[in-house]
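Just the one chain here, laid out as structure tokens, in the form predicted on its own.
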Amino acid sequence: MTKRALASIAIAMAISASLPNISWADTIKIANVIELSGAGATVGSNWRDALKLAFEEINAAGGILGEQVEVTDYDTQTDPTTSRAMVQKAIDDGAYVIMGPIYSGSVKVNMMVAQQNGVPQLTGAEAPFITGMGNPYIFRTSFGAQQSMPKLVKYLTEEMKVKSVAVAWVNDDFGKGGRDSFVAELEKAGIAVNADVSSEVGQADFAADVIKLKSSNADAIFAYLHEEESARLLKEIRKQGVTQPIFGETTLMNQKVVDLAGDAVNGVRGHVGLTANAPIPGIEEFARKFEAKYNYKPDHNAIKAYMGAYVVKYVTTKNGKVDRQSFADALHGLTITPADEPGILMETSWDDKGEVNRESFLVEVKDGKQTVVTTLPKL
């Protein structure tokens, strides 16, 4: 037995000894701890709406183990301290599983509360450190940056023949984690970093940043910022007549960026873990249902939340009981296919750290729509 496994058992025993027994007599309580206001409201709203859609479907089909699912929203206000308080409140309210948040800086401080109370947490965060902290109760719903960047750098090297890159990134846990993973992969591939330009969350003026990127004379520009800032950066890039190709990872090609940046996002390419435009029957059906219900296009965060809800259904049904520890134990090392549970949409696996693995996509934005260039295999 590994040291990690022994540590997990020790944590579980300590938690079992310190917590009261929790009854799931009438409903199964799911806590949706998510960004519903502040800078992350756009991504959080996508996540919330998809989660609601999924559990409405699950309840309409009889619930989980014959019990209805009750979902309660807890607004983090895109603030780490508030998110920690919301996780504690959700646990006090009897949450079986916590869904969210998406912002890595919030997950960094609130996942320890869930861990201390033995509550499984399915997060949309992508910073590499999330699954590297030895928390046996944290699980991703999407790739960590350390998994997606090798795929993108391989494309830049083998397909685009890029020799140098200018990097633009947002200076928070999300941006720094992605920037560090990307630069590490560039170094392995022998690609030079001609400019390394950080920005702040909520930054409005990118004129000086773009001057640095443009004057670097790099073969390509890589941008790793949140959606609103990505749109502002792209508008400034087009305004200054930058001609280098622009690449990103997931957020840069997000539907919200397309909506905000308009024509400025056309031609941008990059890697996405999930996209509503993927040629996957389950995702196409989900996107159709989501848009019919909410009258807007879902982004990758919506897909993550929808799939996460069906992970809760599948694992709990597989276990035959509503038990937090059994849930966490069962999800480590598990693979779920659409044949097992159609709501999972794509075959997805989790390792012993809670890291997710599935196929992903290289896309290009054309006429305001993500177009899948190629589908990449599981790692």
Partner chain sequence: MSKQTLATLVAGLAILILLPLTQSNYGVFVLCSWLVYSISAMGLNLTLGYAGQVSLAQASFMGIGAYVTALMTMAGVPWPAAMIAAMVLCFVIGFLLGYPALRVQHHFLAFITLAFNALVVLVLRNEEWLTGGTYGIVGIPRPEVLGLPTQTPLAFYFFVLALFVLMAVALYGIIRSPWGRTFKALRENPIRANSLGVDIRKTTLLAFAIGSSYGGLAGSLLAQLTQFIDPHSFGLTISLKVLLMVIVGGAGFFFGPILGALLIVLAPEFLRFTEGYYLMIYATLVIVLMVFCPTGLLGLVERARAALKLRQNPNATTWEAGR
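Note that the structure is a prediction, hence the values are computed from the model and not measured. Numbering follows the first chain given and starts at 1.
One more form of this protein exists, namely the form predicted in complex with the partner chain; it is left out here, but the text below deals with it.
Proximity to the partner chain in the predicted bound form, taken as heavy atoms within 4.5 Å, picks out 175-183 from the listed stretches 217-225, 175-183, 239-247, 268-276.
Highlighted residues K89, V109 and M112: every one comes within 4.5 Å of the partner chain in the predicted bound form, counting any heavy atom. Contact annotation for R84: at least one heavy atom lies within 4.5 Å of the partner chain in the predicted bound form. Interface residue remark: P80 is counted as part of the site for the partner chain in the predicted bound form, having a heavy atom within 4.5 Å. The partner chain is not drawn, but in the predicted bound form it has no heavy atom within 4.5 Å of D196. Within 4.5 Å of any heavy atom of the partner chain in the predicted bound form lies no heavy atom of Q68. A heavy atom within 4.5 Å of the partner chain in the predicted bound form is found for exactly one of F286, Y155, F129, Y96: F129. For the options S37, S326, T317, T337, the one in contact with the partner chain in the predicted bound form, meaning a heavy atom within 4.5 Å, is S37.
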